[in-house]
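The chain below stands alone, shown as structure tokens; this is the form predicted on its own.
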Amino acid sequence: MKFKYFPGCTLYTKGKDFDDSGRAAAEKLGFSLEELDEWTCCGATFPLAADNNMALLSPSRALCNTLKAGEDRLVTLCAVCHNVLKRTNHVLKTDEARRNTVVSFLEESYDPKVEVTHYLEVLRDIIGFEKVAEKVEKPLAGLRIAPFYGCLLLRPAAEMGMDDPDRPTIFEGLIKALGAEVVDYPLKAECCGAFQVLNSEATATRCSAEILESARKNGADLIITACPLCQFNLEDRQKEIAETAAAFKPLPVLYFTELLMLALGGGKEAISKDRHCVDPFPALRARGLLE
């Protein structure tokens, strides 16, 4: 089983581990991610102005290329890319006039039957969490995982259609399939500070500190996410947080695909030690998951 795949810019650089572990886990689970030809940056932000059609060109081009490749599904890993592509596709499906304007700029035609699907949805809806559990070689028994959804993966719910943004369950289902324990905490779907880091590092640091403290207080060994921006803000900000809060204890923040690959038998190579600012190995060794 093959899916057309849109990796996005960050997964070629800062989030390379996300891409590597996602592709490797897919092969273990019996499907492959075939990179879309000639993809370009999605734009990283969905335009809220209803007449800003130029910002829709790049994501629309990716959707047109999916159709030209003979496919009707485009799979993503990055929560930011997924948000932009999914919402652009919603515009093309529901607003004929705007669709005609956009595709005329591209000198393309577009039959709005392409579905933008997140990797987590592939695991839940196509592979099935039960099948994922059957493929687990090393259950993550005893590991207490706090899922972090952030604000882009599920919202706006009417356009994203993945899960209940107030009471999501998709990460929780995956964590249970891997044999780990779910840590529920009140800030799992809050904003990490996102692009505020460009204007006010203090705001981003405060947001991250509150999320990390909430997960820690509820017993988390680590946090998982599907968003490179959330991973950056939650992990890289911890040095600054520690400088102003003496009682602060670092908390590893991993991509969910790293733990998925670990559970599928990937060994310690599934987890990148060098790219993480907070070493996740001690938390995994404490639960007997690494030697």
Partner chain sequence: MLLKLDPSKIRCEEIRDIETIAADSVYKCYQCGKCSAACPAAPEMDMLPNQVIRYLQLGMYEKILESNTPWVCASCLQCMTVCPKGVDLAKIMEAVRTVHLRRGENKLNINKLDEEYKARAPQIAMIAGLRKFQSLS
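Small disclaimer: the values here were computed from a predicted structure and weren't measured. Numbering follows the first chain given and starts at 1.
The form predicted together with its partner chain is left out here; the points below concern that form.
Colleague: In the predicted complex, does K176 come within 4.5 Å of its partner chain, counting heavy atoms only?
Modeller: Because no heavy atom of K176 falls inside 4.5 Å of its partner chain in the predicted complex, the answer is no.
Colleague: Hey, in the predicted complex, is I145 touching its partner chain, heavy atoms inside 4.5 Å?
Modeller: So I145 does not count as contacting its partner chain.
Colleague: Since only the chain is shown here, I'm wondering whether L264 would be in contact with its partner chain in the predicted complex (any heavy atom pair within 4.5 Å).
Modeller: Contact check for L264: no, nothing within 4.5 Å of its partner chain in the predicted complex.
Colleague: Is K93 close to its partner chain in the predicted complex, meaning a heavy atom pair under 4.5 Å apart or at it?
Modeller: It does not: once its partner chain is placed as it appears in the predicted complex, K93 has no heavy atom within 4.5 Å of it.
Colleague: Does its partner chain come within 4.5 Å of a heavy atom in each of A55, L198 and R206 in the predicted complex?
Modeller: Checked in the predicted complex: all three residues contact its partner chain.
Colleague: Residues in which of 186-194, 213-221, 110-118, 129-137 have heavy atoms within 4.5 Å of its partner chain in the predicted complex?
Modeller: Within 4.5 Å of the partner lies stretch 186-194.
Colleague: State the residue from L29, I241, L67, A44 whose non-hydrogen atoms include one within 4.5 Å of its partner chain in the predicted complex.
Modeller: None of the others qualify; the residue that does is A44.
Colleague: What residues, if any, in 1-21 have a non-hydrogen atom within 4.5 angstroms of its partner chain in the predicted complex?
Modeller: Those in contact are C9, T10, T13, K14.
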